[in-house]
Each structure stands twice: as structure tokens, then as C-alpha cells.
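Just the one chain here, laid out as C-alpha cells, in the form predicted on its own.
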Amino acid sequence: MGIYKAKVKEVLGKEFPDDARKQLWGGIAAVFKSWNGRRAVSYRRIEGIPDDWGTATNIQAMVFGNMGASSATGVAFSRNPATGENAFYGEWLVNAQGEDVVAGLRTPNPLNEATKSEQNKHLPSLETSMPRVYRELDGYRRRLERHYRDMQDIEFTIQEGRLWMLQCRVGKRTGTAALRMAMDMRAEKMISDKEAVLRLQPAQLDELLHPVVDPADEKQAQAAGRLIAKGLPAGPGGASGQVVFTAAAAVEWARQKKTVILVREETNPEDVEGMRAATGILTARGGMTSHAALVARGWGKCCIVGAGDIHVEPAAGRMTVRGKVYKEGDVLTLNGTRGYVYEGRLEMRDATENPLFKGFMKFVDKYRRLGVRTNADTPEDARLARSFGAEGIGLFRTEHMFYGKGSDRPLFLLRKMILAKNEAERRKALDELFPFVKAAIKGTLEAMEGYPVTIRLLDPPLHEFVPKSDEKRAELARELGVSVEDVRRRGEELHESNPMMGHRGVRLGISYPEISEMQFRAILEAAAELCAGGKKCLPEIMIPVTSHVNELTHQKAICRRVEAEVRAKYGLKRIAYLYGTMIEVPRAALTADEMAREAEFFSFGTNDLTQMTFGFSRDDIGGFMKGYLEKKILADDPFQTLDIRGIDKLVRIAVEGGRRTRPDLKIGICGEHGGDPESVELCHKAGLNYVSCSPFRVPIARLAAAQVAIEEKMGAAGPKGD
């Protein structure tokens, strides 16, 4: 006791009080002060708990589990929190206090015989050591679960043979356990179908769709000091592999059947093949909507971006983290759900093969109003998204056919078009490119089996497609029969101070109408050929980066002319398609009533809409966004969750204005926010028809849409308005 009192004086600078009232008030004050402790603040940020909620303290008599062999303490769960099995599960220690169980200082005993594991099978259970107490505890477990109608986390103490219940609360659980508990409790008639849908957090579905880092192994790795860096959790799940620092190395190592982590300062479109080959992606720079983040989420690939402690030196084949060097071939593990980077290999856990998943998602779809589409650029991605329940494609990016597998020829022809000196040369290159574009669109329309596919015309600035390396420039110059200097000069001519607000999207189509014409023809001929073959399809042609209705009028005239030519070629009276626009410029949202005169649908590109409204570069926010969140300048990263004060207001203005002009206007969202549960809620309340997100986030969006619909109805009808 003297040692403890001396420590109190050393740390606090005053004697430990002997007055019981002062001790009591000191304890109460400590609880309240803990609300602003570093760990509490971090936990609130992770769990999304508001800072202004505050905390509470209970005052109660103390009981002691450390009074000999007839005393004990323990923590129990009314069902298994890892698997969801309906079995009493927990741990206990004889002659101990509660902190001894959770601190990991002693190996705890299993609660009962049924839940023993390889690690604790030799230890006595409470069931056999104190059978009377165990039966009493088991009875309380059943009563508490029936009362609260959910799995309970229970803390208890046994003082000289007498059981004391300390507290209970709704227990934390894995995604797999949450799904099983929800479905089991519904089958047991403990909860309704609606309550079962509300029981799973949308983020928990990530655990069912991706391999995840084993929590026990991760805990051990942290204790061993193997956590080397933190970044933004851009792609869910976990991945382990050997590090490589170039896309070419990733492709080559993957070809040798090696599992690799691609580490880059930041990625660009030329890295796509390496990104596809890698099992995980790690970048030192970038935000949640950076190139690496967007591509990785679309593929359901583990990814961490903006890990600022990492310094990458590709030419030297190494990276440095706070003075320690990691070379090509060293093994790292990424926890993309948390944004943590570990040295060495950690164990993974796969929870995808769960037979309850499809049954649960049927309940989900019964209640949601909001449609859910996917962002997909290939037939493979489209089929994957359909398997996850996507009801169409909300964003097909035509430019993605110029990246990755099979892109060499179409990319060469696109570059040939970009380097053309006049319209005649440009049209010749576009004619050669046409069959590739048409085949890519036709394959995806066919894979969606009649579901709508929103096809965005070429969006990026052309300079992105001009090769940057001397080797690639020389290769292109040889193939085109021009000088390397011609290629370099054309790249410089296309260079812009701010390309995201420059010569891109609809502006390309107005400057070079033949580019739009080729794309319109590819879409409409693909649809005509599928219809002639007896297959259903519904393309939706989307014009990007519009800010004025006259841009839509100009492009629509080209589209209608091409449509007439295609109908005549195939002998069709009509081709079913919609003509619409992407709302990603604030002016387009503010003048939506005018835009709807030409557009049959709107799709909000919330990545660019957020960027242009805030004036934040989405690729460079890593340098300041962390500070904005820590200092509470912003409550959330606006590129992850829709900004309710600004962006949501623009969305509502556009919805109201657009439908005032065209009451049947179809409206959706295709930015990355489409897979964020809080943003899905805003889209539901704003009256959108659908959200669109990457394939692996489709189930998450479906669940979020169902939950907001249920909560809205319950709020209107009261708790019993089922």
C-alpha cells in the first residue's frame, strides 16, 4: 500500500486522501475526466460517437473476487461473439479482480466445458469448479438476453461463493456473428424481420465479403511492435505479401505465383496492371478518392493510402519507415479496414462462405426503397456486382478500357488520335478505335441482362493518356512514325495548370465533336445488335462535367443524328436509351431546372462536386485533412461522407429543380459516397432513385438503404408501427 501511495504523490504531486468522501469524489471526477482521454477520443472517432454526449458514473458497493479459492471474477457473453453460436461463452479467474481478466496478465479459464479450446482445454471451467454458481449465472444469462432481446456482455464477481452481477451491455461481435445472431434470434421469434435487418452494421458486411486480418494475431503483432505505419483505410479487408515498388515488378512477381504488395509514392493509370496483379496496395500519398483508393475499392482490393511515414525509392528498390529500410521482397501485412501496416505476415480469416448471407439480404431488399447499382467497367466486374445484388450499372467509365489487360491496342489508337494534326487524321484514328469501344460496351450491356447501364463519355483530360516516360514516348514515336520530340511537344501542348477543371469531359466533345460521335455510335450500335439478337439492354448515355444547358443541347444534336443513322443501318424504328448528364459542377446543380430540359436523368458525381464546392484537391487532402478532423474544423472527411451543410444542399436543390421541369426525372449518385452508409441515408431522404458504388460495397449500400427506410417508417408510425 505504501508503494501505491508514494506513486500517487509522485504523479499527482499530493498525498493520497484518507477521507472516504474525498476518495469518492476523486473517483467520480476521474470518470468524467476520462471522457477526454486520448484513448476515449480515438474510440469515439472510430465508432462515430459525438463528443458532446458526455459520460456517466455509477456509484455502488465493491465486491471482491480476490478473497481466496472460493472467490473469482469473469466476463461472459450470452452467445459466442466470434461465431454467433447460441452457446454461453466466457472466461473467468479464481482469486482475482475483473482487471486481471481483461489485462491479459494471467491466462483465464474457460467458462464451461462446451466452449473449451486447444489453448485452455487443460484448465478447469467454472461449470465444473463451481457448478451451483455456474447454473445461477447461466439462468441470469438467459433472463437478461430475453429481456434485452440481444446478445449480452456480462461482468460478474464471485465473493466467497456468492455470485454478484456487476453489469451487462449489448455485446460487440464480428460480422459473421452479427449475421448468425440476427437470423437465429429472428427464427427464435425474439426479434422481428425488421429488427434483424437493423441488427447488422453495414460495415460488418465487409467482413463477410473480404479476407480480414485475424484479430488475435493482430493483437499479438501490436504487442510485439510490428505496427510500422498508419494510413487511410481505402480498401477493406486484409492482405499479406512481398513488397514491390513498380507495377512491372508486381506483374512479373505475380506471374511467378508470388503474392505481392505494391508500394508506391502514389499511383497513376500506368500502374493499373501492377495494381491488378498485387494482392494489396500501399501508397505514401493520396486521399480516400485518390487513384489508388478508387481503383482498389472498385476491385474489392485491400488498400491503404496516405501512409505519410513511408518514403518510397523505386529506383533503389526500397522504402524507409522512420529510419528502418525495407527492401523488395520483404513481407508486409495490410489491414485495409483500419489503415494499419505491419511488418511480416499475419494470419487471415475468410468469412465469405456463409449460407445465411443470401437469406438475410432477401429481408434487406424487402424493405428498401432506394435502388442500388454498381460502378463497373468490364463484363467481369458487372457479373461480380450482379452476384452481390446490383440492379444495374450507375457508372461505366469508357476510359477504363485503355488501362490494364488487353488495353495495348486501344490505348495506342487513342494516343494516335490525340497526336493527330487535323480532323481527318483524328477521324481515321477514331474509326480504328471504334470496334474496340463498341465491343467493350456491348460486352458489359450483355452481362447486365437488361438492367440499365449508365455509360459516361470520355472524361479525363487527354494529357493523362500521353506517355510520360522516355521509353514509352520512344515506343509510341516508332509505331506512329513520328519523332520523340513530336510526342513530347504534344504532351506539353496538352498540359494544363489545373487539368481537373480544364479541357475534359463535355469540353472535349465540343472541341472535337467527332470524339462524341464515335462514342454515341459505339453505344447505339452495340444496343441495336443486342436487340437484333433478342437480348434486352438499356444504355443510359451520360455527358460528364457539364455546367450549362447549351452543352447538353450541342451534344444531343450529335446523338440524335447518329441515332437516326444507326436505326436506318439496322432497320429499327427505335432504340431504347436515355440521354442525361453527370451533375458534378456546382453551377449544374444550381441550374438543374434548365439542365432537365435536355437531360432525362441526372447522376451526381459527388467526388468532383465535393472537390469543386470545397475547393479541396481530392488527391492532395492527405496533407491537411487529418488536422481538420482532429481540430474539429470538419466533423467528417467530405470525400468519405457527404457534407450535409453544403453538398447535400446542392443535391436537394438539383433534385427539386430538375423534377420541377421533368417530374419523371431519374436521379442517382455514382461517386464513391454511394457505398457510404451515412451518405446513402442522405440520398434516400433527398428522394434519389438509386445509389451506385463499387461491386464489393453493393451489399453495404443495400443494407444501409433498408435500414434508413425502416427507421423512417418506425419514426413516423411509432415503435409499434410495423
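So that there is no doubt, residue numbering starts at 1 and follows the sequence shown. A quick note: this is a predicted structure, and the numbers were derived from the prediction, not measured.
Unshown form predicted together with a small molecule; subsequent notes refer to it.
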Assert contact residue (the small molecule, in the predicted bound form, non-hydrogen atom within 4.5 Å, options 551, 206, 525, 608) equals 608
Of the residues 271, 145, 584, 218, which one places a heavy atom within 4.5 Å of the small molecule in the predicted bound form? 584
Taking heavy atoms and a 4.5 Å cut-off, does residue 473 contact the small molecule in the predicted bound form? no
Does the 4.5 Å heavy atom contact test between residue 598 and the small molecule in the predicted bound form come out positive? no
Exercise: residue 671 in contact with the small molecule in the predicted bound form, heavy atom 4.5 Å: yes
Find out whether any non-hydrogen atom of residue 199 is located within 4.5 angstroms of the small molecule in the predicted bound form, and reply yes or no. no
When the small molecule is placed as it is in the predicted bound form, which of 416-424, 317-325, 486-494, 452-460 ends up with heavy atoms within 4.5 Å of it? 452-460
